[in-house]
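Single chain ahead, written as structure tokens, the form predicted on its own.
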Amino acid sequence: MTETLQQPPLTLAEEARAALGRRNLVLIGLMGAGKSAIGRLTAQALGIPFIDSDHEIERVSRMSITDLFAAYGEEEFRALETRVIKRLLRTGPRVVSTGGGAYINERTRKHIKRGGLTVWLKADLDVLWERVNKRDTRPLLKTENPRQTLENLMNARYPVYAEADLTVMSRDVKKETMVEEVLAAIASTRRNAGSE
């Protein structure tokens, strides 16, 4: 009589990692949604590298995002952002957090959709405002009424962000809870694929 050995069940992180395969995990959403903080912790849980596209843009241009906007305008910044993200997505798997406007740009969005699994960290206005109003490093919020500007950005961008593969609500809970929800969302793609 042969004995069948039971495999221990996969942990959530292992299941998510298996579901991701060689693809990149690309986090999208508005400023303040937690793309960098949650992205970094998710990458640790998955055991893959993390990269912040804004930091990479600053590194290759040797300028801050604010200075890039001021010197070259949004159109030039978006062109550079597209090139940097396209390059970042060539190899994987890794977790890539993107700037809030990256996914809105049609060319960049095509590269992101081709190069990875997208997770939209969706947040309510109050949550975002609470997180972004403490610092004045956001070029798009240097307006007369920054909260209204943020709301306008939400109204314009949320329909486009909704094209993401997965959506996870970003709210005021422990970062570990958010990471767990992101991992669960990724893992569910594997379960759903298996049940088709």
Ligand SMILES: Nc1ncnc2c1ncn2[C@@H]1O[C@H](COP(=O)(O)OP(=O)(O)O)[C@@H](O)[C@H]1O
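Note that residue numbering follows the sequence shown and begins at 1. This is a predicted model, so every value here is computed, not measured.
Only in words, not in the display: the form predicted together with the named molecule, which the text now covers.
The single contact residue among 46, 68, 38, 51, judged by any heavy atom lying within 4.5 Å of the named molecule in the predicted complex, is 38. Using a 4.5 Å cutoff between non-hydrogen atoms, residue 178 counts as a contact of the named molecule in the predicted complex.
Contact between residue 31 and the named molecule in the predicted complex is found at the 4.5 Å heavy atom cutoff. With a 4.5 Å cutoff on heavy atoms, residue 142 does not count as touching the named molecule in the predicted complex; it lies far away. At the 4.5 Å threshold, heavy atoms of residue 147 stay clear of the named molecule in the predicted complex, well away from it. For the three residues 23, 107 and 114, a heavy atom within 4.5 Å of the named molecule turns up in the predicted complex in no case. Residues in 59 to 89 all lack a heavy atom within 4.5 Å of the named molecule in the predicted complex.
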